[in-house]
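Shown below, as structure tokens, is a lone chain in the form predicted alone; questions about how it binds or moves come after it.
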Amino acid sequence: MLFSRMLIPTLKEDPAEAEAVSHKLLLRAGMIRKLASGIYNYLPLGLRVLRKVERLVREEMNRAGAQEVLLPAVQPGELWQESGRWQIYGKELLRFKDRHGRDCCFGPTHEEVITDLVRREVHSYRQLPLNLYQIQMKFRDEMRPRFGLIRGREFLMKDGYSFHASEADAETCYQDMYDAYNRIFQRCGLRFKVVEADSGPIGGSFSHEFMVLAETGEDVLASCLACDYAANLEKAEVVLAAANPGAAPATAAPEEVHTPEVRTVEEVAAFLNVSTADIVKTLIYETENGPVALLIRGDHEVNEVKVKNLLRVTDLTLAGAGRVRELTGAEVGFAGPVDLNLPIYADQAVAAMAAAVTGANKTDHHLVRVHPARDFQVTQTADLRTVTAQDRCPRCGGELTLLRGIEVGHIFKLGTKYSQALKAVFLDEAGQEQLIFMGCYGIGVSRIVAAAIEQGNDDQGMIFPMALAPFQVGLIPISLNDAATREKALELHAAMEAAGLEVLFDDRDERPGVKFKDCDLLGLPVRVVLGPKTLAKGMAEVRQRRSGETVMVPLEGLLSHLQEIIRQEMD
């Protein structure tokens, strides 16, 4: 492919609109262009990378026995109303009415549509199991789309769904998909980790996320250094306290202390000369079932996903100042659990405290020597906080480390959540009607492109894995005005393409430095440079982008040398 014939509008400077490394480089390399907030055009090079990810995903899905389908992007609202998600999915669901006034949405996912298809077509156990997938644009109306392809509103996704006559068969398929996903991300040349995860609005009993490790990742995961335990921070378990809740000996009765204008945990700790671990934060939340109070130790942070799961609610919002004043009688910063007329949910670390500092439900006042088991009634004690690097592994007790990553895949055990809601049933061998067991398997195809760049880049540009690079080789003749150089470059270009190599021939009338910079910016794994002096010696300069290793290779062995580099990086 000739550089001069392609639409590759590279930029010399980082665009002001971009924050993430991948966003900057995709724009600079002329791979994408913004159409609207969170919505992008894919230019030729960007589309080439996207198609390579698609191809790998298709190959492994087909290898695992899945069948490809294509479902409508626009979905009838009545299906979502039937499943119960029309009301709870949130504003990310782009809802609209068609010309007849019927509710519709642009699909962010396709559980309802695929379940409707299967309930119409599958009636007998003989038709199961069934594993279907598609690769299609999705739309989620993110409030703050950011980081380019990492969190856009429109994105390319592979979503797959399996249907089974038994839970055991569904679990077998789940493991098959788990293995297939591992192969996909390995073949993409990515460093990744599989973590336990919360199922979120998709639902189901259990799920795993596949996280590409990158310091710029917006997700945090906890990983054990001694065993294979790993979990998204939303899901990571905190080891239960060694002591039983309330086992610590009681102290003297609570005492009210005047703490004028002392609101934050840090301010209270400094004013009373105590540790932040001696303080209990009382947070008032609104839910669809009414307000609740959450108690968390001062040096810990509430994990709202754990709270939602415990309370079985979808809407969890911190109460405003006026509401806090109404419910506690005090300004924000002075709420406490003693004599508080609300359901109280306490983190397990709070339940084990003996002499805590809490708000007094009185502005400018706190209580000291509060004992949870004695001084207030807790509705329920549970793990409600976010794990830290100081916690121990819940599986083996080993040391945890916190890593940053980008979610690129998520698989779910759905069970009968959707088949029950949509009445997707089959007749078993005895002729009895049974609910279909389901699984769900997603991959962010366009997000993989961004994640690969976040993981592979330097000051010069992208460093693509061989499997994803828009071209495997960048061929750069130094002097196209030299007839012999041009003729040899054209000859080698034709030979490389005939041998099956993907080559971008930079035939532009530009200085060598410009061509070198663009080749590095585009992240091409191998650069071949031809010049009159090296050609006179029957040699070509070959440089590998990732390692920076540069060698002189005889022309007669150039093709085999390049093929060996590609083979090694693809293995």
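One-based numbering along the sequence shown. Note that the structure is predicted; figures quoted are calculated from it, not measured.
The same protein has a further form, the form predicted in complex with a small molecule, not shown here; the description that follows concerns it.
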### Query
Within 4.5 Å of the small molecule in the predicted bound form, heavy atoms considered, which of Arg140, His110, Arg385, Lys281?
Arg140
## Note on the structure
Residue within 4.5 Å of the small molecule in the predicted bound form by heavy atom, from Gly439, Gly336, Gly152, Pro372, is Gly152
### Task
Could you confirm whether Val408 comes within 4.5 Å of the small molecule in the predicted bound form, counting heavy atoms only?
yes
### Message
Gly461 versus the small molecule, in the predicted bound form: is there a non-hydrogen atom within 4.5 Å?
### Response
no
### Message
Just checking whether Arg447 would be counted as a contact of the small molecule in the predicted bound form - the rule being heavy atoms within 4.5 angstroms.
### Response
yes
### Task
Classify Ile443 as contacting or not contacting the small molecule in the predicted bound form by the rule of any non-hydrogen atom within 4.5 angstroms, answering yes or no.
yes
### Query
Of 299-307, 395-403, 143-151, 75-83, which is the one stretch near the small molecule in the predicted bound form, taking non-hydrogen atoms within 4.5 angstroms as near?
143-151
